[in-house]
Every structure is written in C-alpha cells, then in structure tokens.
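Only one chain is given next, in structure tokens, and it is the form predicted alone.
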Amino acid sequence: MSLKIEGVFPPVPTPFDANGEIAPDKLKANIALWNKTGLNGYVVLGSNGEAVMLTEDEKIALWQAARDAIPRDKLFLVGAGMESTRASIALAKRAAQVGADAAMFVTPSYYKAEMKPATLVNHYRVIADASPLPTIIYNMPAATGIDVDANTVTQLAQHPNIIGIKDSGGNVAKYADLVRAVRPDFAVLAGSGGYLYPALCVGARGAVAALANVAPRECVAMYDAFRAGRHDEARALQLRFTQLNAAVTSRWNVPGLKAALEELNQGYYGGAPRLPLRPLGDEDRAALRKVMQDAQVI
C-alpha cells in the first residue's frame, strides 16, 4: 500500500472548552489557519493531542471535525495506538471509516518489561495485516520508556503495509542506520523540530513536530531550504528555534504548547489541557513569552 509521506506535520493539540469538553469547532478553526501556512498535513491525536486522555467517542468526533477541515491535498494522519493489539486495530478501522490517510501506533508500554523486540515485531505485523490504513510506527521513549531499536524497525519495514516511523528518540545516528537499511519508500520522520535539519541531512523525509504548531511557516521554510540545497538557511532556522522547540516539548509540554498558540495572537485557540495536566502559571507564561520573542515568532 503506497502512500508518500514527506514534509512537515504538526501533531495538533486537542481543544477543550471551559468545562473540559472537547471543542471540535475550535479544532476546525485552528486547522483552517494552519492550512494557509504550507504544512503538508496533520497528525490528529498524537501525544500533543492528549490522546491518552480521550474516550473513543471523543476521538471519533475530533477525527470527523479534522476530516472536514483538512483539504484532500494534505495528509490526514491519526494516532490510533492502544495498549492492546486488538484495540489498536479496532481504532484504525474507525479512523479509516472517518477518512484518515494513515495511522500511527505508539508502542504499548504498560507491560514495559514484556515489550521485547519479538513482541513488538508481532504487535505491529498483526496490526499491519488487519489495518485498512497504512501503518506508521510511533517511537516515543520519553513517554513510554521503550526505544524501538533499528533492527526491530528494519524487520518491520519489510511489511508492505508498514510505511514509516515517527521516531521521537532524537538519535540521528539511528535515523541514518534506518535510512540505509529500509526500503526506499519507507519514511523515517523526525519526532521533533529540535533536530529536523540534522535528520533531513541523513535521509529523513520530514518531521512530526510540536514546533510546527507554533512556527509552521518557519518549519516548512527549513524543510524547503534543505530540499533546495540552501543549507546555511536551513541551519540558521534550526538554531533559531532550538529553545522554542524545547519550550513546547520537554520544558512545558502540552500546557506550554497550548499557551504558545494563544501567545501568537493570530487567532489560534489554545485553552487548558485536560486534568491532571494544568495550564501554565503566570511566571512560566512570562518565560515562554520571552522564548517566543527570542525566536521572533511574536
């Protein structure tokens, strides 16, 4: 099953209203703004979408809203990973009914000690056999405590319905190993804007990056500059956004990302995260604003 995945994809945050209910119309409005920035598509319900906080009905409602808002020339990727193989397949089938283009599956992690390479190979192969959507491995060691090794990914890349990996481990040498070992149409995607340029240099096809939510045009410009061979320009953009990338990922995470959207003052809706996550306090918000000013996005 061939689907070409390349470019820059934001893992979009899930908007909640003042009562903590999902706000699909706010998601549509945000996507309408992002549609004007040159992004190649969207990931709906990845880690930044607070997917683990949502019921299945909420996920479907958000996907339906996203499908309405995402133009057909942009890719609509969904996060459909669950703890069980069976539940992951069921969710992928629902995503296919909504009209998604491909599904990302984060590694199961509750029974961490049992998630050995052979177990993960079997998990992803069974999903790929049954999923009506092309399958993307999602490696997120900071959240799961599991780092899928290059040999495991190389084995999985032999499956025709496993078309890529979003790797948030940040190991650029591993990306190089993967690009060398996997079939040419298997997409290695950087999992963060903090190392987009070096990842592209070793053959990654693009990134699923929280940074692309708040600096979409700049992330696209970095990708385009690399593709055009303008390495000085791409490198300068990478260096300019290192601190902002950290601010909306490791430093303040989802609360920081949502606050940053509001600080842009461009009409994006941020709102509060879902409990137990809490909004950024005033002091952190002021520090975030300074980081955004230094990155020249406000």
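Numbering starts at 1 and runs along the sequence shown. None of these values were measured; they are calculated from a predicted model.
One more form of this protein should be noted, the form predicted in complex with another copy of the chain, which is absent from this view; the next part is about it.
For a residue to qualify, one of its non-hydrogen atoms must sit within 4.5 Å of another copy of the chain in the predicted bound form; all three of Pro108, Ala143 and Ala173 qualify. Although the partner is absent here, Val179 is a contact residue: one of its heavy atoms lies within 4.5 angstroms of another copy of the chain in the predicted bound form. Taking non-hydrogen atoms only, Gln158 never approaches another copy of the chain to within 4.5 angstroms in the predicted bound form.
Contact check for Ala32: no non-hydrogen atom falls within 4.5 Å of another copy of the chain in the predicted bound form. The closest heavy atom approach of Ala51 to another copy of the chain in the predicted bound form falls within 4.5 Å. Checking Lys74, His123, Arg205, Arg94 for any heavy atom within 4.5 Å of another copy of the chain in the predicted bound form turns up a single hit: His123. This chain lacks the partner; the member of Thr242, Thr37, Gln266, Gln64 within 4.5 angstroms of another copy of the chain in the predicted bound form by a non-hydrogen atom is Thr242. Across the options 128-136, 100-108, 210-218, 183-191, residues that bring heavy atoms within 4.5 Å of another copy of the chain in the predicted bound form belong to 100-108.
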